[in-house]
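Shown here is one chain on its own, the form predicted on its own, set out as structure tokens.
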């Protein structure tokens, strides 16, 4: 019954990462891993590099880390540069190699490897060896979904966390979404600067017109993409949360904004412009745009009560996990291929029954990476394909054969210090 929740997705094409190579990335000096499809489990103590492996996959998928806003922090301490690359394969055998090279905070010293000549900025992106000038040329080529203990902020954190979640998820489905966000942010910054000038008497309202038009045009599309995604997400997440809680909870998500519920794009633009006009005096007084996608919210409730204010820690954690699993399913339905699923320490606060339910659900995905500090009974009894023990500067990898009972162990020097 649990697997029926993923019945629609299981019929889609598969996407997997078959090889992951790191050089001077986080604690890794150099490591190359061959990764099979199915459930990959990484077990090791804290600071052994488990999360960094998942983080590297997400950097390839989205060009950004979920753990820091500063790319140089991804580079191994005192190194001038770092690099992560991965070979992704579709179910039809088509392959794409993505690579991200990062500038570190270290200074060049005698005997140290100089940064590659192509690394002229803070970050260099490549697809199949060809330089990419913008993240939009990479994002969506190999989608991935990441969940970590910090994922609770998705339901208990500030609205900006939920907006950022939507931006990342939708960009992996709709290529133009990143461009809409770029145009919107530029128009917003220019408009806010001009509002401050109007307040000081250094400019008149007419100077805002072109930036308001760009704000309205891009904002209408962004809000439409978000509302459609949240509508799909809410339905799937409700089913998953109900499964993980034994049917005791009813999860609901609702997109909130000044144009929420408006279906026609031109009407969305008209409503957004009308709301901006109504806020004119207040905007001049505050020197900031008061309505638009940058102020919108996603309301999350369980059994009719706002989860952020009234949900227990357990309810929040289960709901956040259900939302991330739902994100993966919606991406799979919209793209025709499931994303790689990355779950960091997702079982630590689940009771044995919920942990077993979750691991059963994961069988519906083509490739999953799960990390844990402890080799729990639920993990050991799961239908895992590859098991990695991280300790003492090495990765011990054990794989099961197609029948699930043949195994081989390989030791990889990870040089994680």
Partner chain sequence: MLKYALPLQKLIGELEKLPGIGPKSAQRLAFFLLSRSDDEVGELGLAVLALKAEIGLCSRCHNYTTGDLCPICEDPGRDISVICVVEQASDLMALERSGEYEGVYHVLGGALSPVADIKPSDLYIAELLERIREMRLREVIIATSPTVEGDATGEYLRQLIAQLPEPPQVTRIALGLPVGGDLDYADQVTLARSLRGRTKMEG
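These figures come from a predicted structure and were not determined experimentally. Numbering follows the first chain given and starts at 1.
This protein has a second form, the form predicted in complex with its partner chain, left out of what is shown; the following refers to that one.
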{"query": "Listed residue (295, 176, 123, 164) with a non-hydrogen atom within 4.5 angstroms of its partner chain in the model of the complex", "finding": "176"}
{"query": "Proximity to its partner chain in the model of the complex, single hit among 249, 180, 345, 283 (heavy atom within 4.5 Å)", "finding": "180"}
{"query": "Non-hydrogen atom within 4.5 angstroms of its partner chain in the model of the complex for each of 255, 264 and 271", "finding": "no"}
{"query": "Residue 190, heavy atom within 4.5 angstroms of its partner chain in the model of the complex", "finding": "yes"}
{"query": "Its partner chain contact at residue 211 in the model of the complex, heavy atom, 4.5 Å", "finding": "yes"}
{"query": "Interface membership of residue 194, its partner chain in the model of the complex, 4.5 Å heavy atom rule", "finding": "yes"}
{"query": "is_contact(residue 308, its partner chain) in the model of the complex, heavy atom dist at most 4.5 Å", "finding": "no"}
{"query": "Which of 153 to 161, 134 to 142, 69 to 77, 297 to 305 lines the interface with its partner chain in the model of the complex (heavy atom within 4.5 Å)", "finding": "134 to 142"}
{"query": "Contacts with its partner chain in the model of the complex, stretch 63 to 93 (heavy atom within 4.5 Å)", "finding": "none"}
